[in-house]
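The chain below stands alone and is given in structure tokens; this is the form predicted on its own.
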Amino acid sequence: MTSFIRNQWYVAAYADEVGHRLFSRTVCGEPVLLWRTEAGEVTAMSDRCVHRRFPLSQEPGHLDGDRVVCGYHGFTYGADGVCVSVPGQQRVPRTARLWSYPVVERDSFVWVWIGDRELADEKRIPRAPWLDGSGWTVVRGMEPLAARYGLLVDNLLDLSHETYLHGGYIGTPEVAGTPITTEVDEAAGIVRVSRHMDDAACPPFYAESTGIRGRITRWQDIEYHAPCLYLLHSRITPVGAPPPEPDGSDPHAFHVEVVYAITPETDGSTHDFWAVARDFALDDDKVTDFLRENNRTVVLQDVVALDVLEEALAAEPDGYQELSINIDTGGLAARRILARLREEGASRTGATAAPVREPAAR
């Protein structure tokens, strides 16, 4: 049975990855062709020619103005996915049209809707406004993960692993040693996990970027929007600094917003989009370069660990009983929500496998 959750918005790319050229990325097992029209609009359609299923993104496939020309037999498609020309005949078959995906640009991401296009509601896209908002400087990247997306969800909702896997970068003993609080909004599909450390060592990630050299007050407030977006609201101050003001302002703290877009590629691989936004040292290139390299190192440490874990799980016999403890409450809540969303998506399509992409008649 597939693990994909359908009738959901997923991040297919960063907005600046998509230009007036053919670009392909697999989302939930579906090869999606992305490109911009000459007017700058993003288009998302199936990356398979209707004729012999040749990938349209494969050279010598190319754009001719706002038309996609297949590099195998020359089938040509408009920006709406409808075939406008075939070789050797004047009549274009009525069924010669590509599946097109609803697509939205928001918060520096390109979101595509995987599922029944009639259910695509832009208001359901979770927000990460720091990524293109004023007053923030952002570093970002994307790493391929050779593991199922649920392992990344587990990883991000239990940050106690920072102490052990990311020591010397972002982890300190206090992360694993501080209890968490967990809140779950089942209806909205949101899990919140908080860890507030009143007196903690300052890891290099924050010492080098903020300039703090002593001990710190460190808050980690996670907000996971199933299935696709993870937000970590981080607050850092020297120990003894004033708390946030009653009106919500917080002038004495450094704030870092960590964003992950978790996009399944296949049942056993994931697109791991990551971004770090900060509200301090906005024009300091040294800080920007440090955070980019340091955070990518942390992400790659996770990638190595989860790739190994995927191999270990795939080799295990059925029936293994997993052990969970208090730190797993957020991850277990996310698993429960993901299972419900998966069942709902399967019931809407009438199957657990990917639906056959038959474009509607126009």
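Note that residue numbering follows the sequence shown and begins at 1. Since the model is a prediction, treat every value here as computed from it, not as a measurement.
Absent from the display: the form predicted in complex with a further copy of the same chain. The rest refers to it.
Listed residues 184, 165, 104, 139 were compared with a further copy of the same chain in the model of the complex; 165 is the one with a heavy atom within 4.5 Å. With the partner omitted from this view, the residue of 82, 232, 197, 176 that lies near a further copy of the same chain in the model of the complex is 176 [heavy atom within 4.5 Å]. Contact annotation for residue 249: none of its heavy atoms lies within 4.5 Å of a further copy of the same chain in the model of the complex. a further copy of the same chain is not drawn, but in the model of the complex it has a heavy atom within 4.5 Å of residue 304. Although the partner is absent here, residue 70 sits close enough that one of its heavy atoms falls within 4.5 Å of a further copy of the same chain in the model of the complex. Of the heavy atoms in residue 132, none are within 4.5 Å of a further copy of the same chain in the model of the complex. Heavy atoms within 4.5 Å of a further copy of the same chain in the model of the complex are found in exactly one of 123-131, 83-91, 251-259, 201-209, that being 83-91. Contacts to a further copy of the same chain in the model of the complex (heavy atom within 4.5 Å) from stretch 311-340: 312, 313, 316, 317, 320, 321, 322, 323, 324, 325, 326, 327, 328, 332, 335.
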